[in-house]
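Just one chain is shown here, as structure tokens, and it is the form predicted on its own.
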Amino acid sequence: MRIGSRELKLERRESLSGWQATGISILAILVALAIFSIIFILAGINPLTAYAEIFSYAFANPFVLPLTMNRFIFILLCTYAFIIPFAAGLWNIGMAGQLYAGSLTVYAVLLALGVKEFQSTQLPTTLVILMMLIAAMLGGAFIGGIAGFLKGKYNVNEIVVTMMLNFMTFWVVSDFIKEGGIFMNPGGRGESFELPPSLQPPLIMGVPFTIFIAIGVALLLYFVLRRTKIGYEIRAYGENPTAAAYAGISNFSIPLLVFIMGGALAGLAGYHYFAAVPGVYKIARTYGYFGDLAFYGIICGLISRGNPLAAIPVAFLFGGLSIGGRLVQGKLGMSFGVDYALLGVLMITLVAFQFFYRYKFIWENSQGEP
């Protein structure tokens, strides 16, 4: 496009610094908030008032901040579950099924120890919690490993397989916690039996200890994917599976490995929300909602460009807005679904702005000089 003696051109970026990526993301967030302001204006609400309510409630209210942190930890673990296969060029759409499986295996450990009947165990609390964590990872890894095995062995589309596994595990959980199910709540409610107080994990300033796991995993993943041989092999497979095979990288073991790793982390998300978050401590009847919430991990993974460290602030933002957006519905008298709509606009805008990660606009004069 030419304006006077200068022309606006689109040029492919040769590189993108971390600060440039951050600036683009911040601009995308501001644009998304500006677009969503139209909804508030049509409802007769000052957008500045609405956003002040959302952000102050989710990020500044000392009583609500733990809720934001709990949601943040959950989304962050689901983001890791997506990022690892994504580094290999594969799509894990099965975080929901993997966290359902992780949740079931957590409570299977308690069932095996007789906790459902006796509400206690002779084993040390720390040991039981460790067993629950390992069980959650194994449960999620098993479901993830099915997709990885089928992809590596038979090249079955991983998106189809993981989506099917989501539905299957959803109904398995439903069968186990319904009336007559082996995990059913003794009160007859459509949820699992509750975690006894003696096995409820410690809180740090109202937040479960799983926050340290989530942050630690970010550092570990960053190191593994960027500094180790297996990380190089995962990325090489993601760039070109055929070329990777010529280089001696197994086209079977890499898909299997990344889906096992991703599934294990999704399983931890299941432990976090159903066995570590205060006020829950059971597989709640609304467990399907958390399966839907897990899909935010896909968006956070795409926005962070597969970087585990960059995923931290993105997941924190989504966690807070999912909490704060729900407040606006009641306090400002808006219709149901405002939180979903806000997050939807934010997701679409952030993904759209990834275009500027690869391209940039430049002004040139008629002589071709910038």
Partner chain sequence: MWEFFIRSLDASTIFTIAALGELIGQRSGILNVGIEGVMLFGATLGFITAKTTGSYLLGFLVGIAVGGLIGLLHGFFSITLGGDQVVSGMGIWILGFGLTTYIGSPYTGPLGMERIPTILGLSPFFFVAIALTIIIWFILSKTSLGLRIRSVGESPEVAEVSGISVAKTRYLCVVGGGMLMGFAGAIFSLDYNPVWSYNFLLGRGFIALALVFFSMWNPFILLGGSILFGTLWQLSLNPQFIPGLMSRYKWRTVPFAITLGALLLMSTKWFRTKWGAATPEALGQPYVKD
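Numbering follows the first chain given and starts at 1. Being a predicted model, the structure only gives us computed values, none of them experimental.
Absent from the display: the form predicted in complex with its partner chain. The rest refers to it.
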(request) With heavy atoms only and a cut-off of 4.5 Å, decide whether Arg13 touches its partner chain in the predicted bound form. (result) no
Discussion item. Please tell me whether any heavy atom belonging to Thr126 falls inside 4.5 Å of a heavy atom of its partner chain, as the geometry stands in the predicted bound form.
Written reply: no
query: Do Lys178 and its partner chain come within 4.5 Å of each other in the predicted bound form, heavy atoms counted?
result: yes
Q) Would Met334 sit within 4.5 Å of its partner chain in the predicted bound form, counting heavy atoms only? A) yes
In contact with its partner chain in the predicted bound form (heavy atoms, 4.5 Å), from 158-166, 251-259, 193-201, 104-112, is stretch 158-166
Interface check vs its partner chain in the predicted bound form: of Met184, Val217, Leu138, Val172, the one with a heavy atom inside 4.5 Å is Val172
In this chain shown alone, the residue from Ile298, Ala284, Met132, Ala87 with a heavy atom within 4.5 Å of its partner chain in the predicted bound form is Ile298
Contact check, 75-102 vs its partner chain in the predicted bound form, heavy atom within 4.5 Å, ordered by sequence, gives Trp91, Ile93
